[in-house]
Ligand code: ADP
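Next up: a single chain in structure tokens, the form predicted alone.
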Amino acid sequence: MHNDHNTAWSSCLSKLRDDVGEQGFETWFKPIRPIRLENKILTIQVPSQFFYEYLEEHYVQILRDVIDDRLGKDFQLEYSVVVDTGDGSNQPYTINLPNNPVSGKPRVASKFDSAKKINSLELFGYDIKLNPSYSFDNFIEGDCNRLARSAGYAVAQRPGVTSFNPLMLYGGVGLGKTHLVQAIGNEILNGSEKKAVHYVSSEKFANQFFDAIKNNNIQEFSNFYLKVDVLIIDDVQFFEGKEKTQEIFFHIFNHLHQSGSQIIMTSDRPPKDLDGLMERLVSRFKWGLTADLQQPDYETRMAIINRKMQSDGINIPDNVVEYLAYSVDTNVRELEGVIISLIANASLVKKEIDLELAKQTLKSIVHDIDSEVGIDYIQKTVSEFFKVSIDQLKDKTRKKEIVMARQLAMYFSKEYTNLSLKSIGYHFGGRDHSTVIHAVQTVNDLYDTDNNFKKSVDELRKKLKLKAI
């Protein structure tokens, strides 16, 4: 029996030299330094992250066989990886990969192991911060997010087992990324297998790491993250430019992925567009599944409004739902804010929610409706100029003078508001976006070829500009 780390590793080296050949031995095993031997765990120090990865990829089975032969099948190997070699003013620091079975297969944790993990996470001070109100039940599925939701649900049922590891979700602000990843975490926590789930923003992760450096407890920081079963990290684009933080996350990512833990990340853009991140880190983001969340389509916005109103026990007319869905087409967060404001306004003025109240509410929230030159004012100004009614602008009549007025109103709606083409069409009798495109093109063509038409356009524009001022 080998009682010290130097003797134990020397015994392993003598066999490794025969097994890997002189060149492999000199390159990959001679630089390794034994650190300690405790509780049947031999710790060896390797000079870099790359060095560790190469050993794991090319020599993992050989190392397992050597450990079994020279020390015994109940011994394990632990790596101490030099992450930063330091300089004249900074000491080098290393990170341990604890209890590596050197088998190439992840160790399956028992429920007792997981319970101990969860307790250790809480004791360390990095408490689990999942919002229990985020669930799959209240995440509205649509064409804009179907792939992301389906993949997220699959991961929640079998974390670390599916090929969706890591799962990377990306999209703009307010599209439901945080809701979805926290729904995954809550689903896992509520499952039959107790898992250590940790949710953290990338900004908080970086701050924790900086505190660990300042307080000289990097090992504790690393050990905490190396013990989780499911790591959910939000907004990884904030790692850009933070080289030390990327290094530590790269190491943690590798260990968790190798040990079969589930990694879930969000970003505001796809991995290929994450400038300022190490190439080797970005390449790992692409190992699993990358899915995007897009702006919600009209049908999804309708479903979100109806679900929110139902959950609050409020019934509103269909025309109000349609108006809100067409008017707020940016993101889910803004749509939910409008709904909350509408409910509050109805309560304050003690009246039922109707279309007029909805319009008044949106004027104080949505930029293009808040503008003095909103779509209602454009329709009013154009209808008065051409002496036609607003209802005629919206109906199906094909009379030449009404068609011209309608096309001009669409043209100015595109110029003075931020509404989408589809939303503009909705305000003109439910026409589609291609009708709006045709109207804009017609106005541009006539403006260049018809002087009388040009004068009308210029006069209307003056009226609208005066209102804007």
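In case it trips you up, residue 1 is the first one in the sequence shown, and so on. The model shown is predicted, which means the values in this text are computed figures rather than measured ones.
Keep in mind that the form predicted in complex with the ligand is missing from the display, and what follows is about it.
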{"query": "Complete contact of Asn138, Leu175 and Ile304 with the ligand in the predicted bound form (any heavy atom, 4.5 Å)", "finding": "yes"}
{"query": "In the predicted bound form, the residue from Phe250, Tyr134, Phe285, Tyr79 that sits within 4.5 Å of the ligand by heavy atoms", "finding": "Tyr134"}
{"query": "Sole residue of His179, Lys242, His257, His198 within 4.5 Å of the ligand in the predicted bound form, by heavy atom", "finding": "His179"}
{"query": "Answer range among 273-281, 223-231, 330-338, 205-213 for contact with the ligand, defined in the predicted bound form as heavy atoms within 4.5 Å", "finding": "330-338"}
{"query": "Contact label in the predicted bound form: Asn145 to the ligand, heavy atom within 4.5 Å", "finding": "yes"}
{"query": "Comparison of CA distance in the predicted bound form with shown form for Glu57, His198, at least 3 Å", "finding": "closer"}
